[in-house]
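So this first bit is one chain, no partners, the form predicted on its own, shown in structure tokens.
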């Protein structure tokens, strides 16, 4: 079985809120000196792929769009247990929307060749649109199953376990297909060992450009953009502390309820 996992490198979401900066013209986060990490759900997707590989065999290929810095994320997937990694990097890739990214990823998948399963995180940890996975399935003409937690394979089909409000539902489909992965107690990402990291840093990672994928600049952007971000900003947060007085706990409770009603927070 060949599993392709599409990942994205983002600014670490654990960076303190007050350190985030936005470029209001380019409508994107400013990296500065912030560390970069694999987007959370994409890292979960890598874990799900590795679990499936351990069950049925095969290989896992990690795929990402980005600059040279994205090699760090790909090396991490190799250290976790992925067999191959490919970087898609080109100046023409930098101003694309989700449609354009899906088009590039689809071209890379076709260049890779045969596959059984493509996994994407349910959404990226920065813009959280959750569109590239479904668009990629559309580009390739294969089914897309969203919000899957884990898999079982039997008799040439794949069985998917998907969390819902009342528990889990089980879906079954033939290969090939694409699934977007959500977090679950069964797919917490493993840590890469020091030995694995050292070996991964020595592994060669090919870098494919638009020319390698047979994609013309006209097909990539910015003219073909179909999704436009109208505004990107950091919400303003205002906090106030108000002390409720009273001689006893009961009196304080009554005063608190009265104040909440005055503010329109309770009826």
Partner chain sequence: MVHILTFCTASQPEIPRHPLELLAAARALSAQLGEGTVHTLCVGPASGAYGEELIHRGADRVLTVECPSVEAEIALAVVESAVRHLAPQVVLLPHDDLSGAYVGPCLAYRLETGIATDCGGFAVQGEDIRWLRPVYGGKAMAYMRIRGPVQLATMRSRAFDPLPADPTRRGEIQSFPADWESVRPQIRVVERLEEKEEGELPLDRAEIIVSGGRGIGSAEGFAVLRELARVLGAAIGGSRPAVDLGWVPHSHLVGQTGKIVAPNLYIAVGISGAAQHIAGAGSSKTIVAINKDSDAPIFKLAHIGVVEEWEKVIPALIEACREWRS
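Think of the rigid core as the biggest set of C-alphas that the two forms share within 1.5 Å after superposition. Residue numbers count along the first chain shown, from 1. Please read all numbers here as calculations on a predicted model, not as lab measurements.
Note that the form predicted in complex with the partner chain isn't included here; everything after this is about it.
**Q** May I ask you to state whether residue 28 is within 4.5 Å of the partner chain in the predicted bound form, using heavy atom distances?
**A** Yes, residue 28 lies within 4.5 Å of the partner chain in the predicted bound form.
**Q** Taking 4.5 angstroms as the cut-off for heavy atoms, does residue 57 touch the partner chain in the predicted bound form?
**A** Flag for residue 57 set to no.
**Q** So, residue 139 and the partner chain: in the predicted bound form, are they within 4.5 Å at any heavy atom pair?
**A** Looking in the predicted bound form, residue contacts with the partner chain include residue 139, since a heavy atom lies within 4.5 Å.
**Q** Quick check on residue 163: any heavy atom within 4.5 Å of the partner chain in the predicted bound form?
**A** Heavy-atom contact with the partner chain at 4.5 Å: present for residue 163.
**Q** The chain here is shown without the partner chain. Which stretch in 203-211, 234-242, 65-73, 48-56 comes within 4.5 angstroms of it in the predicted bound form, by heavy atom distance?
**A** It is the stretch 234-242.
**Q** Heavy atom within 4.5 Å of the partner chain in the predicted bound form: which of 145, 153, 96, 79?
**A** Exactly one residue meets the criterion: 145.
**Q** Check each of 116, 90, 84, 184 and return the one that places a heavy atom within 4.5 angstroms of the partner chain in the predicted bound form.
**A** Checked against the cut-off, the match is 184.
**Q** What are the residues of 102-125, in order along the chain, with a heavy atom within 4.5 Å of the partner chain in the predicted bound form?
**A** Read in sequence order, the residues that approach the partner chain (within 4.5 Å, in the predicted bound form) are 122, 123, 125.
**Q** When the two forms are laid on each other by their rigid core, does residue 238 show a Cα shift of 2 Å or more between this form and the one not shown?
**A** For residue 238, whose C-alpha is compared between this form and the one not shown after core superposition, the shift is less than 2 Å.
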